[in-house]
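The data below hold one chain only, encoded as structure tokens and taken in the form predicted alone.
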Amino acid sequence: MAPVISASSLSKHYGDLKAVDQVSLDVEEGSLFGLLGPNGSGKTTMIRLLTGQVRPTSGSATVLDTDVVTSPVKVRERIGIIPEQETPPSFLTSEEYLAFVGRVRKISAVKEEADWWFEFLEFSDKRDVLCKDLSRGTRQKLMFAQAFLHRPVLALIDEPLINFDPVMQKTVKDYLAEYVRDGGTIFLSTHILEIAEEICSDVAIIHRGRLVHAGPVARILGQRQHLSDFFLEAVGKGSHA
């Protein structure tokens, strides 16, 4: 079975800055795959490359057997995306935004799907609030809902839990785990190592644009190491950092 995500020598340079540099990795179906790295390491650029939002300087990638360079719209049609910044249109209400997403995604029962998400993420009281007036946490809920509204088989998520309180973090972590158990695949970036250790089946570590590790979390834990210690060693910080 082909990987749901496959990158080969993928690079993105901005002048002399090598934001992503010769990264090759595969993500298998049914993984909860975490992309880890310090701030500025290239995690967000990697997700933007894999979702066809930016073109690579060199290398190639496929998502669900679709080339991200030649068919970026087709890729985005088939997946769910949560960007680093929650940016729903400021001039729409929460309900209007999900209705808009439903039309774009050609979801026939969009109201029922939206109702479920409003209830599940506990923001039904914000249905008629303009997106510009939502709190950061509520905007994150809305962006989470739009990513999964069409029930994609794959979702790429940039820092999915960073604006949630501990109660909502648990709700979302449980949802992601169930989503994967039901056959979906998650590719998420985060710098919160405790969360990655708790929920991810596999991780890749990127540092200064280069891939420095990729493999199952269980292998790291089986060496009697915490993911945080392994991460610090991998990025050259040492346990004293």
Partner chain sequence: MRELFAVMMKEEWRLHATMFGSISFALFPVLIGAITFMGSLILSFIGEIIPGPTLSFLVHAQFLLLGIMVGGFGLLGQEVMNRRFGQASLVAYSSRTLPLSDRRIFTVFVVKDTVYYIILWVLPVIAGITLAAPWSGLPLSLIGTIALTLSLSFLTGLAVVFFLSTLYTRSMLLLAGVVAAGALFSILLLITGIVDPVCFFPPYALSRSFTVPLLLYSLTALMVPFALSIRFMTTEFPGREMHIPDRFSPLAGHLDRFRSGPTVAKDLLDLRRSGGLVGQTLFSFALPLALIWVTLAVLARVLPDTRLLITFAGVAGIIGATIYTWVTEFDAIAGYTFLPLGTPDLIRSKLATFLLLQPLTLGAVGAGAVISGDYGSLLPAAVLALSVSIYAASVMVWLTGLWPAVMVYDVKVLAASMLLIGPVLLGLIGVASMNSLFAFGSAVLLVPASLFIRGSYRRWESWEVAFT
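The model shown is predicted, which means the values in this text are computed figures rather than measured ones. Positions refer to the first chain, counted from 1.
There is also a form predicted together with its partner chain; it is not shown, and the following applies to it.
Spell it out for me: taking its partner chain in the predicted bound form, does every residue among 12, 89 and 125 have a heavy atom no farther than 4.5 Å from it?
All three within 4.5 Å in the predicted bound form.
Though only this chain appears here, would residue 66 touch its partner chain in the predicted bound form if you measure heavy atom gaps against 4.5 Å?
The answer is no: residue 66 has no heavy atom within 4.5 Å of its partner chain.
Residue 73, heavy atom within 4.5 angstroms of its partner chain in the predicted bound form:
Residue-level check for residue 73: yes, a contact with its partner chain.
Partner proximity in the predicted bound form: residue 133 to its partner chain, non-hydrogen atom cutoff 4.5 Å:
Residue 133: contacts its partner chain in the predicted bound form.
4.5 angstroms heavy atom contact with its partner chain in the predicted bound form for residue 93:
Yes, residue 93 is a contact residue.
Among 45 to 53, 177 to 185, 209 to 217, 30 to 38, which stretch sits within 4.5 Å of its partner chain in the predicted bound form, heavy atoms only?
Result for this chain: 45 to 53.
Within 4.5 Å of its partner chain in the predicted bound form, heavy atoms considered, which of 161, 143, 157, 114?
When its partner chain is considered in the predicted bound form, the option within 4.5 Å is 143.
Heavy atom within 4.5 Å of its partner chain in the predicted bound form - residue from 107, 129, 153, 168:
Only one option qualifies, and that one is 129.
In the predicted bound form: members of 97 to 113 within 4.5 Å of its partner chain, any heavy atom
Read in sequence order, the residues that approach its partner chain (within 4.5 Å, in the predicted bound form) are 97, 99, 100, 101, 103, 104, 105.
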